[in-house]
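Let's start with one chain on its own, the form predicted on its own, as C-alpha cells.
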Amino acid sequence: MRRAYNVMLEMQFATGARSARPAHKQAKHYTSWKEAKAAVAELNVAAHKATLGSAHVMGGCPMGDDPKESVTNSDGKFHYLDNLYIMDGSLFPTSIGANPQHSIYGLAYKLSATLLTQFQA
C-alpha cells in the first residue's frame, strides 16, 4: 500500500500538482512530494483504514491535427515518433461518464482497421 501511495503521489507532484492526498482515512492533503513521502511512511495501512482503487483511465493523449494541441493524429499515430500508434481510452478527450469497454473496443477496431489498410497498400 505504501509503495502504491508513494508512486501515485510522486507522479502527481512530478506533473505539477500543488496538493495531493492518498485515499487513506488519516491522510491529509500534502503540498510537496517530500512532505507526502514522509507522511505515507507513518500511515497505518491496516484494513479499513487504507483504500486503494483504480478507475477507467481516459484522456491524456488527445487526437488532432495540430501537434501543439494533441498527441496523435486522427488515426492514432503519435506526432513525434514514427511507427508508434495509440489505440486506447487515453485518446478520449475526458472520461465518457460510463463503462468505456465497448467504446474502447470500437475505437481500437476502427483505428487498427485503418492502420491495416495502410500496411496493405
Ligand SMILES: Cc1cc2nc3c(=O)[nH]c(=O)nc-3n(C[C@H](O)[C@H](O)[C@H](O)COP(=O)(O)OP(=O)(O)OC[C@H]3O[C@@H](n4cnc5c(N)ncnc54)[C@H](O)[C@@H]3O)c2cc1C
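Basically, rigid core = biggest C-alpha set you can superpose within 1.5 Å across the two forms. Note that residue numbering follows the sequence shown and begins at 1. Predicted, not measured: the structure shown is a model, and the values here were computed from it.
What follows is about the form predicted together with the ligand, which we do not show.
Heavy atoms of residue 15 never reach within 4.5 Å of the ligand in the predicted bound form, leaving it off the interface. Among heavy atoms of residue 104, some come within 4.5 Å of the ligand in the predicted bound form. Heavy atoms of residue 83 never reach within 4.5 Å of the ligand in the predicted bound form, leaving it off the interface. Using a 4.5 Å cutoff between non-hydrogen atoms, residue 88 counts as a contact of the ligand in the predicted bound form. Looking at 38-46, 70-78, 22-30, 55-63, the stretch with residues near the ligand in the predicted bound form, meaning non-hydrogen atoms within 4.5 angstroms, turns out to be 55-63. Residues are counted as partner-facing when one of their heavy atoms sits within 4.5 Å of the ligand in the predicted bound form; in 5-34 not one qualifies. In the core-superposed comparison between this form and the one not shown, residue 84 has its Cα shifted by less than 2 Å.
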